[in-house]
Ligand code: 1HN
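In structure tokens, the next block holds one chain alone, the form predicted on its own.
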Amino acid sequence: MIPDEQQSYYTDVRQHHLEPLWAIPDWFLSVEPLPPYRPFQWHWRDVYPRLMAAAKHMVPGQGGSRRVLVYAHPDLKSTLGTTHTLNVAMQMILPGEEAPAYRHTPLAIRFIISGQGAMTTVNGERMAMESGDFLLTPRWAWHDHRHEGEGPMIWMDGLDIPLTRYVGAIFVEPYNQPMQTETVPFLQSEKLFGVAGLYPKALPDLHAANGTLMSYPWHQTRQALNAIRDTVPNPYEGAIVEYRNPLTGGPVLPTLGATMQALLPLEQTRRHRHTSSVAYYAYRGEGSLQIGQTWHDWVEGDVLVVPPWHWHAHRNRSHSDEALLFAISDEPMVAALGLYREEVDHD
């Protein structure tokens, strides 16, 4: 029971927009992180029909630049964040459509889900989009999309919009025409930097920001996964590879990391936790993700969020097929701030 005099003091200071920190000790000095949101899962069976239906209500370039559904966490409604720092979204473009060129300060990745015949152009470099490919859009890079094939083209977007908005640095600028002119040879960055450890000694003019690898094709990711699976699997993640900048050896983007992992039939990993948040996309197979004490069963297309400092582990439910999970996280940003910490379960 707070004495009346002390309660009167609290009331007085709060009327002057001050706060007695000792009265709310957990706000600052909690023993462990207290993320303001819970683990969450979106089911593909709910997302896919609504993504298809979006074609009736929106055309790229007409009333909006992109046909996108954002995975908006119910505990983060004010930011539309999937986590407190990242957005995950699903984008679709139909044959003959063009998503006009613009640039923005939030950086982005594209993980291609399905479809053929679409292209994305980033700072004048045109890149193919095939299932399993991983593409980059750095900060303030011009980018557009067009679909010259057949059937819907679907991919996952990952952006650091909540973080960029929090620091007050959101900028967006439209291009001076609907679509970019191709000024860089097709797949130039992949040809220059796509072979590990072998790079041109004298770099040509790379036209602004594309001075590193921009496209990570699925066949190379598949090859790397196979090699890891047969040699040094991670006891907490299975066979896992991290997409990295080939020139620096660091993360592909300053605030966003990405991985692909494979779980063998009936494989179950051990638990760990870390101070970075993770959003998983179930690319192939079926499995379960344990977060805390709860197992969340997933199938292809589902998205699951693990907040910071939550124990989690993986399980492949299939007796015969591997399970593949693509993930994005804010680990590079957390690590750059000196705040990354990981704990493993030794039981």
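All figures in this text were calculated on a predicted structure; none of them were measured in a lab. Start at 1 with the first residue shown and count on from there.
A second form of this protein, the form predicted together with this ligand, is not displayed here; the remarks below concern that form.
- Residue heavy atoms within 4.5 Å of this ligand in the predicted bound form occur in exactly one stretch of 184-192, 103-111, 222-230, 270-278, and that stretch is 103-111.
- None of the heavy atoms of I93 is located within 4.5 Å of this ligand in the predicted bound form.
- With a 4.5 Å cutoff on heavy atoms, H143 counts as touching this ligand in the predicted bound form.
- None of the heavy atoms of L51 is located within 4.5 Å of this ligand in the predicted bound form.
- In the predicted bound form, no heavy atom of H310 sits within 4.5 Å of this ligand.
- When this ligand is considered in the predicted bound form, only one residue from A89, L264, L76, A128 comes within 4.5 Å through any heavy atom, namely A89.
- Note on contacts: among R66, R284, H43, R315, the single residue with a heavy atom within 4.5 Å of this ligand in the predicted bound form is R66.
- For the partner-free chain shown, D157, L159, I161 of 148-177 come within 4.5 angstroms of this ligand in the predicted bound form, judged by any non-hydrogen atom.
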